[in-house]
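Given as structure tokens, the chain that follows is alone and in the form predicted alone.
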């Protein structure tokens, strides 16, 4: 970590020496082990190192950027020279300015030193365990893809304004994907994943078993009926359908460029009163947590939607300065590009009813466990195929569905949320419950 800070200081010093007014260096160094299985067999097992330095230089409020993928003094000096040259020929923008330092509170649980004892052999055995659990549950299960990745990364930010931050983080990710086959019948494709920063929370058994149960349960699917009625989105389906348009709409850059449906709607109702969502980069051991963002600023806990009302947008320094605001600490990205805006740990507030209670109150509807389609993040229009869907009749799940389509507009559906479950699931850096929505168009093929 000392080396990263020293190289960051070098990048900034060289940039100022080439006549930049301000300069910033964002540096990363990472080691990764990755294992991949396809069609029940280990195909790829790799171990690699990745480095990177991205330099932002400002001259007369012109911005230049250059990056290199090696932590080498000569290459860093050349990148600094290139960044400054570019800054001297780009148009002046009064909002191009680096942030002042802010106090940083270290988030606990970002690095697990047990990663040092997790080698390639252990990674391979975890993938083999996923394959075995899925196959042992039912011989009809076909695992098309199973992966395990273990990564440790050092990231640092140094700027001419006095920011000098570095931290170490570990990250583990595993997933399993495939279907079930019974003679000529093939189930819907299903997917399960687990993302954590802690070795003891790696849970290949759970996701392999959940995956196997899901694909077997979707055998015997039948065509349903076309209707406009009630839909329950599983946490996975909610992530696939809802999160991208919502995140797009609260991105201050999109708001300022007129690409957000929620531009000018702060403190207005945009969803049902049962719906609340926050973003919190300060959660201990959170998959999306960090002690400082891409610009070296501390993250904040944001109530994005509170009881149906839109409360805030997400800002980096540039977008905040355009509105006379402060950055919310949501500058995102890596060493190969300029800071953008992105979420950390998204949490949809749990409700007061169980999943089974939500289902019991439905006369006719569909439980959607996966959604495969497109959702326009600007307009909110979506259409796609219900994957792993189940017909609900008179408060009970009846049979799995095939050839079922779902379409509508997300921003019109949010006010029609009629129930949210107590149960939640963590999907990478998202925590989501089951969400019940009324008046959704369902079409049977």
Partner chain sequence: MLDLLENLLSEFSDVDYGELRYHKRRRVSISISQGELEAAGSTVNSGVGVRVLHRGGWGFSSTSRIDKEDLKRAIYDAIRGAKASGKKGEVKLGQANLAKGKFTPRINDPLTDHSFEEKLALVRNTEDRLRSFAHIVSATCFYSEMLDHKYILTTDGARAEIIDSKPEFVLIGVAADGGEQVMAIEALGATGGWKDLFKKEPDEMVEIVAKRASDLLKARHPKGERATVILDPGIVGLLVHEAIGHPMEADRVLSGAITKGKIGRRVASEIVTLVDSGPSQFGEHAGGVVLVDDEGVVAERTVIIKDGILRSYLHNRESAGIFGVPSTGNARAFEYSNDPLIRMRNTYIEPGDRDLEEMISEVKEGYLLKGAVGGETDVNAEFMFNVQEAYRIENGRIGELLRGVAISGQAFHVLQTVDAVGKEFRFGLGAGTCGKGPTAAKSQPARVDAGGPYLRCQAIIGGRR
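Residue numbers count along the first chain shown, from 1. What you see is a predicted model, and the numbers here were worked out from it, not measured in a lab.
Not pictured, yet referred to below: the form predicted together with the partner chain.
In the predicted bound form, the partner chain stays beyond 4.5 Å of every heavy atom belonging to residue 418. Taking the partner from the other structure, the partner chain in the predicted bound form has no heavy atom within 4.5 Å of any heavy atom of residue 172.
Taking non-hydrogen atoms only, residue 39 approaches the partner chain to within 4.5 angstroms in the predicted bound form. The partner chain is not drawn, but in the predicted bound form it has no heavy atom within 4.5 Å of residue 355.
None of 205, 135, 223, 336 but one reaches within 4.5 angstroms of the partner chain in the predicted bound form through a heavy atom, and that residue is 336.
Scanning 318, 313, 211, 292 against the partner chain in the predicted bound form with a 4.5 Å heavy atom cut-off leaves one residue, 318.
Judged against the partner chain in the predicted bound form with a 4.5 angstroms heavy atom cut-off, the residues 43, 253 and 383 are in contact without exception.
Contact with the partner chain in the predicted bound form, judged as any non-hydrogen atom within 4.5 angstroms, is confined among 263-271, 342-350, 237-245, 119-127 to 119-127. Residues of 37-71 that come within 4.5 Å of the partner chain in the predicted bound form, judged by any heavy atom, are 39, 41, 42, 43, 44, 45, 46, 47, 48, 49, 50, 51, 63, 64, 65, 66, 67, 68, 69, 70 in sequence order.
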